[in-house]
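Provided below as structure tokens are two forms of one protein chain, presented individually as structure 1 and structure 2.
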Structure 1
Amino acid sequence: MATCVKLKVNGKDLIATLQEFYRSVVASPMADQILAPMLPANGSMVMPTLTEDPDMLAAADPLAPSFPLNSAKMVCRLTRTDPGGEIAAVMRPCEIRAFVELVKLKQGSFDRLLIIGMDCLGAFRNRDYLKFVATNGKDSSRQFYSQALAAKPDADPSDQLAPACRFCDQPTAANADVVVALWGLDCEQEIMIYSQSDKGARLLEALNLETASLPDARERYLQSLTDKRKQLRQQMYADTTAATGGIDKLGAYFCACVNCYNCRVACPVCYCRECVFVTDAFDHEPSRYMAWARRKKAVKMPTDTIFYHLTRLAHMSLACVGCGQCSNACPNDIPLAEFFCTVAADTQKAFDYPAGSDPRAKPPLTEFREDEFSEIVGID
């Protein structure tokens, strides 16, 4: 059962309104603590922070264009075993999608979790965000959301947004228990919150707010926004496919890779405790390098770069949710999100498995059917 309520925005201050909403969530019987993006006491990078203290929520800044990490991994830390209380988590849509994948991989659980989703306005890359804050100070988040909400849905997204956000075609919070709706609403006056699950409906009932119904304008806005984003995404697929269509081009694409493996550390769905690429399987004997250099005429060091990226494609592209943290983590600005999203679109289509969308769908490599893919068997 879906319910929808509205929240009055006092003094046009959307952030204070959301903080007040989070306080009411923690005060309700539905949550003991809340994980929300908050400004630290010192410093300007907004980080997921767990609290039960209503006063602490004055630091909550959920509309900052800051996305330092995919919080799905943090929510897994909070839910991998019974936390002994109810937790609410404020998450971006791509964080929820990643969490759905991680739950399937038995890294976390929905059991004692209430997910608060939101119409996602996107975020900047870390270094761009820090520059933005340095210029605009305490007013940064308000400036960002005012501009983002005033933009036409079919306009080109701001250049400041991270590439993955610019071509994100799933900016609404599927699989959240409740969703804070912003688009298509007059956010200076009121915002709406609607539930997508029984748990979410119970929360909204407990909060005892005025019921409302989502305006048609929201649906139209979303349609227009996702149409525009899909178009940008298709263009991105085409560009990336052209830029990587051959082993030589692939080498050029990754020529700045220094094998730091930050993209894998930042990737929410790369969940192995120990990646094979840091095991001693890759501590090659010195004589191996000399043999490679002899056989291939020259060998770039560090080695195994393309091998690493292709292996990652095989290991995680079926679970890639397109959050763009790989690009955010790359010290040398390799367009990784574009690369992974482009290939993931193909692999996920081949198995009819849009990652992160259906909590009940099994990951493709964990199941099989007896009568499938017969066309790939045989050598004729």
Structure 2
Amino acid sequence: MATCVKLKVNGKDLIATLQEFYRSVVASPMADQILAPMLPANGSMVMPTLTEDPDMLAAADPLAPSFPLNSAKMVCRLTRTDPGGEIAAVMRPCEIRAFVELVKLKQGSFDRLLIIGMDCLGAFRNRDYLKFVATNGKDSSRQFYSQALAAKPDADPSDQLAPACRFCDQPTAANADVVVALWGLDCEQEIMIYSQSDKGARLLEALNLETASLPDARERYLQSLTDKRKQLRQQMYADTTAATGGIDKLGAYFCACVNCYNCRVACPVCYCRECVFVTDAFDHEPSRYMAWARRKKAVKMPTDTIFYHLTRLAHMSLACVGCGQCSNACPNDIPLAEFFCTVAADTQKAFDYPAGSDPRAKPPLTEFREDEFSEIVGID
């Protein structure tokens, strides 16, 4: 049975309340170290940081609109083999979904891991976050979460949010051991934490916090919020489909691609140790380029950009969790997240496989089902 507890927010300082919660997690028998978003002493970008020192958690800032990388890869790095202790990881919903997919691919493990999910308020693109911090200084995170939590659920999300966050319709965490609930609560007074697993229930019992029940207002708030996000998502699908229908439109969509492959590196579910695109497979002879230019009158350089993105799409669309890190990493602001999410929506619907939602569901291309696509394969 799920356990739910509440934390009083002292002095309306939500971040300090969460920092104290993290300290109690590290002090409990459930975790030896914690991976949490923290502001480095010599930096301005909040990054996933592993520590066992309670004093270091004074730099934890889980509500900053900073999302420089999807931490699922970092959690895999910590859990691929036995870490020698218990690890707690603070993760956004899309990070948890990505981790679920990576565990299925034997890249990480739920063993010796406690996942602390967070209601996600969204994040800015990297450059926008740095500008936001430069303008608002040390009060930037407080200003962001105050505005986000005070907004009406059916209002348009902030234009400053990264596009993937604006149309994200999964703003709360599934498959976490415990979830920090923020949406639909009076977070100036209290927040709630509830368990989604036996491990999470044991943690909350060990912390000996006051039990509570999630208010009905939370469910109504989340429903209104997700309904609005789904409308935005459907409009994004329509706009992206119109912008990419046909090879000529695809060429225009990806015309600014410089083959930096940042999107491949940033993608949490792209896990290959070696990618064919960073081998010499596409290092063509000079005469080949000359021949192409002669035949076509002109050839855009680099030449393999559309092929690269379509290949990545074929590999990753069934595992795409819509985190938006591909767009965040693009130096030329190509709307990669919109393209990937649009195609992934159709692919995952065809296989009835929403990526990252069910840890027990096998990836579609790893098993054969006789009753699948009978209209295509001709098996009655």
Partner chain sequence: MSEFDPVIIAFVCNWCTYTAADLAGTSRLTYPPNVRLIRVMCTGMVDPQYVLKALLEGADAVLVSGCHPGDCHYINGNFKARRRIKLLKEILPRFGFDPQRLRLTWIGASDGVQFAGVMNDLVAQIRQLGPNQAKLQMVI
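Owing to the predicted nature of the structure, the values given are computational and were not obtained by experimental measurement. Residue positions are counted from 1 along structure 1's sequence. Here the rigid core means the biggest group of C-alpha atoms that line up within 1.5 Å when the two forms are laid on top of each other.
- Each structure shows the same chain on its own, and structure 2 is the form predicted on its own.
- With the core held fixed, the Cα of Arg273 is displaced between structures 1 and 2 by less than 2 Å.
- For Arg127, a C-alpha deviation below 2 angstroms is recorded between structures 1 and 2 after rigid-core alignment.
- Relative to the superposed core, Lys296 undergoes a Cα shift of 2 Å or more between structures 1 and 2.
- In the core-superposed comparison between structures 1 and 2, the CA atom of Asp371 travels 3.8 Å.
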